[in-house]
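The chain below stands alone and is given as structure tokens, in the form predicted on its own.
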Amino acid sequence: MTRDDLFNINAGIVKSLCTAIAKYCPSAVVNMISNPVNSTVPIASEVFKKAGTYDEKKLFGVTTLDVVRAKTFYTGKAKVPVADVNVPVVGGHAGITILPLFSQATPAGNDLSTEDIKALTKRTQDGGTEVVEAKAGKGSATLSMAYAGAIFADACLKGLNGVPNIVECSFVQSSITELPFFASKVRLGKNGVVEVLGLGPLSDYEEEGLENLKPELKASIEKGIKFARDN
């Protein structure tokens, strides 16, 4: 299925679920993992606004799968233990809107070339397609998605329970760029978002990727908002 196919099916489902959340558990922390996340998070925000229950600190788009992929692919290339690796992934959760910041990866890789970084970036962006092709069209990335969702839900629970310094990447309401929603590192706490962290220093390649992703991400956000307001 294309992202448009997913939108046509999932937009209405997300709207219905969020209408129920607003009615029955209006103060819940909501982890939105239904694709296309770039559009479903804005849909959720509009539903909650209409119901008078919107809290920007409690609505998260789960982009953890992009982080898991970036870490895994980076580990294979940089020859470092995956358990020790951290790679921030910013932007959105589809195609070129996914921007892994390999320049900020820790521990630092062993002399990765520009071509290596480009290849790792593209593989992270196309990870879902790679899985679909490997399964010959008979399935998608269900296990890794479940793993990523569990990691993020666990992080939210730690934050809610007062564990300090819990930081994960997530697609949230943001003023980091001119776009109303954006994925970046977020500090989690007892009320959801404590702080949306900045992008930090970017390489020239990442700066270019950031500018390239903005039009597509903007259009996806606006598509979600329009759906929620028109339906």
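All values reported here derive from a predicted model rather than from experimental measurement. Residue numbers here begin at 1 and follow the sequence given.
The form predicted together with a small molecule exists for this protein as well; it is not shown, and the discussion that follows is about that form.
Counting any non-hydrogen atom inside 4.5 Å, which residue from V172, C169, L65, I43 sits next to the small molecule in the predicted bound form? Checking each option against the small molecule in the predicted bound form, the one that comes within 4.5 Å is L65.
Within 4.5 Å, heavy atoms only, which of V85, A78, A141, L120 is in contact with the small molecule in the predicted bound form? Flagged contact: A141.
Using a 4.5 Å heavy atom cut-off, which of 65-73, 184-192, 49-57, 201-209 contacts the small molecule in the predicted bound form? That would be stretch 65-73.
Is it the case in the predicted bound form that K15, V30 and G224 each bring at least one heavy atom within 4.5 Å of the small molecule? Not a single listed residue reaches the small molecule in the predicted bound form, so no.
Does G109 reach the small molecule in the predicted bound form if we count a contact as any heavy atom within 4.5 Å? Flag for G109 set to no.
Taking 4.5 angstroms as the cut-off for heavy atoms, does T177 touch the small molecule in the predicted bound form? T177 lies outside the contact set for the small molecule.
Though only this chain appears here, would A105 touch the small molecule in the predicted bound form if you measure heavy atom gaps against 4.5 Å? No, A105 is distant from the partner.
Find out whether any non-hydrogen atom of M145 is located within 4.5 angstroms of the small molecule in the predicted bound form, and reply yes or no. Yes.
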